[in-house]
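A single chain, nothing else alongside it, follows as structure tokens in the form predicted on its own.
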């Protein structure tokens, strides 16, 4: 029988250690070996610049890899555009050139401009989720990434990795975003919102690492910390 969600989190944390998401470029510059990650430090982000960078990264990571996002963030910084005001003043062609490596650069350039206007309106206050979802180009996964990682709000991020892991663990998964989010959230409702946000931060990072290491599209079940409780272990090749 599959254990409670909270036990799955504990097993992943014990196996992988703290992951330290969301990576920040300032930390990467200070310590290149860290990659910008900050395991166990939930005080970050601490500035508008860091919060804006996380929001931009959440948009840029749509339909691409984090490695490409880092290239785009570097490109934006070199062009002096990693802040709302200069980004909104820049010709769109300049923005597109900076983020071209991440793909869908025309759409994402517009999304970044729309988000910059929104950011100036709300930051440093956490924006209401419905308001954030009203911004062109921001869907549930992107909105929850921004709310969780930039503003420390307790919204679990449901991405492709989360869906895959839940489907394999439980043998089936409701495809609806809200249903999956509720399933992951209800085991931690006893926690205070601040602590719940920290757990969701770490849990989602664990899911991403687990899915890249073991629960890949072609899974590596041997040695997986969840092998003994996974409904699909050994049956997926």
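This is a predicted model, so every value here is computed, not measured. Residue numbers count along the first chain shown, from 1.
The next section is about a form of this same protein that is not shown, the form predicted in complex with the DNA.
Residue-level contacts in the predicted bound form: of 61, 198, 50, 185, one residue has a heavy atom within 4.5 Å of the DNA, and it is 61. Of the residues 123, 167, 159, 114, just one reaches the DNA in the predicted bound form with a heavy atom at 4.5 Å or closer; this is 159.
Residue 135 belongs to the set of residues with a heavy atom inside 4.5 Å of the DNA in the predicted bound form. For residue 29, no non-hydrogen atom is located within 4.5 Å of the DNA in the predicted bound form, even though that partner is not displayed. The DNA in the predicted bound form is not approached by residue 190, whose heavy atoms all lie more than 4.5 angstroms from it. Among residues of the shown chain, residue 153 is not one whose heavy atoms approach the DNA to within 4.5 Å in the predicted bound form.
Along 94-129, residues 100, 101, 103, 104, 105, 106, 107, 111 each place a heavy atom within 4.5 Å of the DNA in the predicted bound form.
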